[in-house]
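Taking the form predicted alone, here's one chain by itself in structure tokens.
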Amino acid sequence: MSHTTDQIRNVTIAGHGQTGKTTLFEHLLFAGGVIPRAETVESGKTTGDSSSEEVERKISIHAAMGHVERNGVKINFFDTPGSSDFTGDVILSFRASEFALLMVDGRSGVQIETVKLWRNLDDRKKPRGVFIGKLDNDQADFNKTLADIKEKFKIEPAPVTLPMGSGGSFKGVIDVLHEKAYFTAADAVEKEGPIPDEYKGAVASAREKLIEAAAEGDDTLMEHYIDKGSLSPEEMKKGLIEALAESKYVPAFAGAALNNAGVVPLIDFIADAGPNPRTAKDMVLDGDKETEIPLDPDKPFSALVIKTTYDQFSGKLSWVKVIAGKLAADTEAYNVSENKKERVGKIYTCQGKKLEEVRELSAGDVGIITKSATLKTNDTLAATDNSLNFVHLRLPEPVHSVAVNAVAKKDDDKLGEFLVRAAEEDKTFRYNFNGETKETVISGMGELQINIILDKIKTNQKIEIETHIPKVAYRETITKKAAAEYTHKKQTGGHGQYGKVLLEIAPLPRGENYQFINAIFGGAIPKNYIPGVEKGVLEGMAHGTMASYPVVDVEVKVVDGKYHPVDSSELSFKLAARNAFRDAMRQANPTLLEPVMNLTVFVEEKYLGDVMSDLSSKRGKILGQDSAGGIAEIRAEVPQAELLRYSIDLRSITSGTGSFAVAFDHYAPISGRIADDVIKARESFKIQEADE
């Protein structure tokens, strides 16, 4: 069955690890009649966690998609990982959805990943709700968790469902919007019934909050609310739809998904009041400018590839979010990113890993194209070649890197092939060969992500892999002015080689890299040899005089020289300039530079002192910190050499609860023992390289 844009809802289920996302996803599909029974995560049979790695580790690693039908509405749900190591799949799901449902454990309240996800949704201006789960646990407290959300995010959640009891006395939830009670039924969909008398006062109070939220939907409704003190059911529904689409309130839901509690009213609310795709916008690149465009079923077809996976039976799967028009099976489209025509064969939706063939997808829907030759994540697919490219997924920079190689040299190419595929499937995972350090380096969001990728390659491809800490890409620079001249002179049979160059060098401000000035007057070096001089300078800068690291932030001025009308050549001047540069650099008080990273750490406040102390021991410079509701954010500058194992160190300090983001900031000078150690290590590396 084909659904129009107005009949589609897209919802991402996200949250901190172990908050019950996959369990809720499973029970949503069960309540929607999609699966005959809801499996547990422990069973290894859930729809959301279908890969062997997920089954073995009992955590979500990849985003899973499934859908249910309710009152003629198709709701696509995305079950996403809770670990920050797999945040890429959360972000692509946010891009594909118009509504995010953040899972909050009714015992633990708001946790670190919840805070980070909330900030990401703030940046996107994305409508969201909260599902407070596990309320059948003795330590759970719905009202306390609501207060925690209010304190940490400075918002007043509007309860759409309320719990009946808690812990051992928990017996279900009340749907405030539709004024119905739903009672838990073991291994069955929850049963609808009348609201018990003892909860009618709480329901009336919660309904008043919902009416106030609905009144925010538009000015007319607000006037009606002020005049009458209430809204009709029709006005209330209209206001809730409009206000939620504009993120004017945050609906809160209660439940215990493992016991099928709170699932049906959640589906009803999303079908009735969840934002439909018409309320959303996407971003295209118009030249260098990012421009918003509406999600429009009446415009020519266009879609964004949000994810690429490989299935052993179906081959390559390209997940697409349709932004405009319709995507039909067995048609021809255009890959705007690759400037190539693309034959679209069969298209599918899915329930976890189970594919369901469809004839078309309307704007707003998400589906899968199989066996595409050219499509890759972030590609734009469109009806014509004059469409604009969609802005790529906004993914965080990797925070953890390791150098890798195959134990058997013959497996190196094969290993590279599968690392490239892994980087295509997960865009937060990077693979590249560092020519400077002669290492293959892989980078990702954490040790867990990288270990899972490498373990999968080892197991499936039978490749033995070695890993080690990657070398740091240091730089060299100068701290004072200097000058040197060099004459390259060589006489052989026939023409000789002759070129004389006088260079002056001076330090540049950090980050300006290089400037070449031709100050020759009177033809001391003919113009046609000046390119050779600059090539020689660049060759000299490629390997500095301290430890053979590249040289940066240097102004080079060629001020004089001499040529021979017969024996001079561009090569002669290149060799003369290279040696003149190196001689000048030795006199210019050279120094080593190390990369310094901008680090942001998120930890519970109880770990703040330990984390700050650790950063100080790592030569870190604390730039500032903020705390809100028990979560601290620390901003610091730390040398990259001190952060090569930081994901492991932070996990140890914070019992696995801390997380961080890191990005290159600048290069800074180092001297003394630290510089001596770097030079010594570099000399060992050069000896080893020569032996090989």
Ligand SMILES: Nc1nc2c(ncn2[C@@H]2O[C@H](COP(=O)(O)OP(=O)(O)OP(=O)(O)O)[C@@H](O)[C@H]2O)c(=O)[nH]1
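Sequential numbering from 1, following the sequence displayed. Model, not experiment: these values are computed from the prediction.
Although not depicted, the form predicted in complex with the ligand is the subject of the following passage.
- Within 4.5 Å of the ligand in the predicted bound form, a heavy atom is found for all three of Thr23, Glu42 and Asp136.
- Taking non-hydrogen atoms only, Ile631 never approaches the ligand to within 4.5 angstroms in the predicted bound form.
- In the predicted bound form, the ligand sits beyond 4.5 Å of every heavy atom of Gly367.
- Interface residue remark: His16 is counted as part of the site for the ligand in the predicted bound form, having a heavy atom within 4.5 Å.
- A residue is said to contact a partner when one of its heavy atoms sits within 4.5 Å of a partner heavy atom; Gly217 fails this definition for the ligand in the predicted bound form, lying far away.
- The chain is drawn here without the ligand; in the predicted bound form, the stretch among 128 to 136, 525 to 533, 473 to 481, 326 to 334 whose residues come within 4.5 Å of it by any heavy atom is 128 to 136.
- Out of the listed residues Val662, Ile59, Val638, Val34, Ile59 is the one that sits within 4.5 Å of the ligand in the predicted bound form by at least one heavy atom.
- Though the ligand is absent from this view, in the predicted bound form it lies within 4.5 Å of a heavy atom of just one residue from Gly561, Pro265, Gly82, Pro277, which is Gly82.
- Heavy atoms closer than or equal to 4.5 Å to the ligand in the predicted bound form belong, across 252 to 269, to the residues Ala256, Ala257, Leu258, ordered by sequence position.
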